[in-house]
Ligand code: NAD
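Single chain ahead, written as structure tokens, the form predicted on its own.
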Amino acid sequence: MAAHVKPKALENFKARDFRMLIDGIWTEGAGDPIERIAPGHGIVVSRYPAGSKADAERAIAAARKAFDDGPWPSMTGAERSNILLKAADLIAARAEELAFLDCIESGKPISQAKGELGGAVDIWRYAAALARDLHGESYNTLGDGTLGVVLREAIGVVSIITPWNFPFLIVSQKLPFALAAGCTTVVKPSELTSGSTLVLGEILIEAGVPAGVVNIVTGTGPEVGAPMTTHPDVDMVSFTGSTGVGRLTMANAAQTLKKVSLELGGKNPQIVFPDADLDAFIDAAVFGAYFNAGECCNAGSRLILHKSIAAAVTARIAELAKKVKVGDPLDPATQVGAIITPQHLQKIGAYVEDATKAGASVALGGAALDLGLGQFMAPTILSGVQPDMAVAREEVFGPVLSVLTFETTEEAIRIANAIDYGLSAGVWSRDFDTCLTIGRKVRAGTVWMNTFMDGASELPFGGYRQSGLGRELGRHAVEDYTETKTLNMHIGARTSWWMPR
């Protein structure tokens, strides 16, 4: 592998300084700024304010006032839709800038970041359409004296907390739907990848979102995230991140019985039968394992292969994985970029080491790569993995593929379900009866059949069990940010309880 060199795009690069957005005003933090070191290049690329509890509380107060007294909740669906459509156009116009920020701050390949921006634009446009289609119900079948109307009203102030692995895409799976419903928001991006979300703040102001409707506070979870989940003026929390922090978020929100939407971890299986289109599967296996360097809740990190094909298929996956280009995130040809932090790289390596000590074999990779700058992990395949090993049950969140085997359909389903997660799964077979059997019995929010990690704005996304609560995307996503209210209307004279005798 060639030595890593500083790309021309960064030769005259100067770190970008950002400010927080509170009540329509860009503001500095009280403390020293957070400096983000690019995981693929080893240089400071961004500085954000280190927000405090007081900053979070000011943002919550601004969102509360904007919801209770401002124009946003009372706008027509068409008015909100038009603003969201303008935001989508502005995101598209600044896509290169946004993709560059996500690339250098997260270490993801620039080609992938650009693809994610295209997906995000589509989501904003889809949410804009739903703003005009949000409606309640009416019941005129309750008798001549009664008419029932069920309203959908914006839930209120929403705290949105997003992770570092898909900085712009994940905020786009939450924020436009909350805005479409008429909510006001406080957004906390990861302190590792805040840049593109702060640029989004500029875009939303230009699009016409009123002051206080979207507030963006940067900082750490304990300082900023915690008050966003406990404050009594927050009506709902939408969080994406680790299952451990998700549990803490839920416990915090329970103090005031807030509504909670959680998109958490996954340990997603791909179950492969001997009659599958193996050429298509092998490509999907490599993509599912190494997309975003495996730092993806949807990663296909568990292969459950029929025993009769396991050895040959594993060898073919290893041959294709050797061709995956690991390197400079700013190189358009790169397929696997840098690992988010040195500490996370060590954690990934520890999983591999523990698995080999437990009896698994390294079929490919297994170690960090020295490319001169930043931190990188070789695409790794572990064979001989048993269902009770940590690497088969826990979310590694790195480019590590675990290979398990099965003999019967029932055994495959049992292995797939024998973990705490249930985000997604895949099944590969030319027999559609087999696919439907797996699809109905595997406990996961999405089951792909003869494909993997496909998606569309129209399709709901979320998990079973410890993979989270609620669903993002799809037509019901906007409804997640609403409450239902029943109007029970009586027509004509009412019969008195105190009947005359």
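All values reported here derive from a predicted model rather than from experimental measurement. Don't overthink the numbering: it's just position in the shown sequence, from 1.
FYI, the form predicted together with the named molecule isn't displayed, but the following is about it.
Site residues 220, 263 and 297 are all in contact with the named molecule in the model of the complex, judged by any heavy atom within 4.5 Å. The named molecule is not shown here, but in the model of the complex it comes within 4.5 Å of a heavy atom of residue 164. At a distance threshold of 4.5 angstroms between non-hydrogen atoms, residue 240 is in contact with the named molecule in the model of the complex. Although the partner is absent here, residue 423 sits close enough that one of its heavy atoms falls within 4.5 Å of the named molecule in the model of the complex. Looking at residue 380, you'd find every heavy atom of it more than 4.5 angstroms from the named molecule in the model of the complex.
For the candidate set 170, 336, 216, 157, a heavy atom within 4.5 Å of the named molecule in the model of the complex is found for exactly one residue, namely 170. The single contact residue among 397, 290, 124, 428, judged by any heavy atom lying within 4.5 Å of the named molecule in the model of the complex, is 397. The chain is drawn here without the named molecule; in the model of the complex, the stretch among 202-210, 410-418, 184-192, 303-311 whose residues come within 4.5 Å of it by any heavy atom is 184-192. Using a 4.5 Å cut-off on any heavy atom, none of the residues of 271-295 reaches the named molecule in the model of the complex.
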